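Before any questions on binding or motion, here is one chain by itself as structure tokens, the form predicted alone.
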């Protein structure tokens, strides 16, 4: 298949000086999709997006077009919320779109609103993204002045207003209903579902919440067509029931941790975790990989035995983890996996909104057990106890959770996967009564005992060639 290469589509020209301005963005093809957009009937556009295979890039990976089809047509008003609250640890791709190509997001918002008959859109921006919000606000002002937003856009009779709203740095506001509550001026606590936002969302009206990267794909689908987009990435056949075979388009992978060249890499979906690490220059200092988190901190961890799994929605799901937000965190042989889990659990214990008892009480409990093990105060049976408590928050094997939102499983997944896959290192802490960093071969649970191993990789209808 050759050496993996970047294929910049969303990130094309992102480093050009002034790319965040309307003038430079239009010089490089910006807003070209609008020349075709208003000739496409909204229902036909929804079908186009569905057929393209575009899946939400914010975490869940749900079909974007299918999500749009749930929105009732006869209810007014309707709203679009662009989720720019990039709060998942290990993820840092959306902030560069806000800072360097905000007009691409605006163009995507216009397309989504035309398809759904929406006339008011909000961009919920992470409070710490001060430069991104400043440039997005300036881009919105330019778009109004150029007649790309506001009343009667380009003489089509279509009206659209776009507003930005800064968040307050709460992880939970990345969850769509927590975001909506915050946008309404309330405490950022997720809602019970159903009803889902597509039926009752912002101000109890039909609402579509989409991630920045998802919306940024839309101009390219409209401009270049469905077949062009479907020819990017990978489509599988013979996948198990309930597993979506579509992995079309490119993905912005945020590679951080112990690699030589951390950064955002845009590539076609379908490359393996190992190939992605190679793109980032390999593991620093030529050391061994010990663990990889493939989709932001809430994704179950992978061991060195699982590096040849394609880093896409389908294959990672089949291997009991997830692509999530594309935050790939690489850990080398020097890492203490108990300490790594403790770091994550301290974060989640702090970020729990406290609304649900299993999460409010269970997350600090998991953190405290992990801390006890790390500090050398662990007792025999603590690893099983840790797994048991985490599974009371959310059953990772059954993929069910005892909380209102998926925060519960975002806690349980890393807790259970670290404890199961690196059990020898956890047990060594308890046995030695002190922090212990075992060699990779000794620290990792053998693959035949790994609860996620083995999984057959489905046959691909098309895989990337990297021959650009």
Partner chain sequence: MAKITIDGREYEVSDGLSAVQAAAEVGVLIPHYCYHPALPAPANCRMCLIELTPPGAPGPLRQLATACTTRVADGMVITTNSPRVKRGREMTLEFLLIHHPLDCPTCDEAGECDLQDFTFLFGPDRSKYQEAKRVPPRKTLGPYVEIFKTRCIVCTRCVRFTEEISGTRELCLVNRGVHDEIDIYPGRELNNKLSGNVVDLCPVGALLSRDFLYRSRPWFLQKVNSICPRCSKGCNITVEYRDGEVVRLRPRYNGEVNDFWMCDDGRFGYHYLNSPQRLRRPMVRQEGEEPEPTVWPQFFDAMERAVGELGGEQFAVVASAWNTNEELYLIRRFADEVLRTKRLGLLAAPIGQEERFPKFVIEGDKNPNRTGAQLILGEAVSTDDALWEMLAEAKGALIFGGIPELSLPERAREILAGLEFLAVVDILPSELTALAEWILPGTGFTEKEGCFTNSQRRVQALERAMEPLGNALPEWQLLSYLANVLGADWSYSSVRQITQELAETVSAFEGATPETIGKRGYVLGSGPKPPETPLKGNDAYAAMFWP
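Positions refer to the first chain, counted from 1. Bear in mind the structure is a predicted one, so any value in this text is a computation, not a measurement.
Note that the form predicted together with the partner chain isn't included here; everything after this is about it.
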* Hey, in the model of the complex, is residue 156 touching the partner chain, heavy atoms inside 4.5 Å? -> no
* **Partner contact for residue 403 in the model of the complex: the partner chain, 4.5 angstroms, heavy atom** => yes
* Asked: So, in the model of the complex, is residue 324 in contact with the partner chain at a 4.5 angstroms heavy atom limit?
  -> no
* Verify the contact flag for residue 305: yes if a non-hydrogen atom of it lies within 4.5 Å of a non-hydrogen atom of the partner chain in the model of the complex, no if not. => no
* **Region of this chain that lies against the partner chain in the model of the complex, out of 387-395, 104-112, 315-323, 68-76 [heavy atom, 4.5 Å]** => 387-395
* **the partner chain: the contacting residue among 169, 150, 285, 281 in the model of the complex [heavy atom, 4.5 Å]** => 169
* **Residue (of 174, 206, 310, 362) lying close to the partner chain in the model of the complex, criterion heavy atoms within 4.5 Å** => 362
* Do all of 351, 354 and 379 end up near the partner chain in the model of the complex, with near meaning a heavy atom within 4.5 Å? -> yes
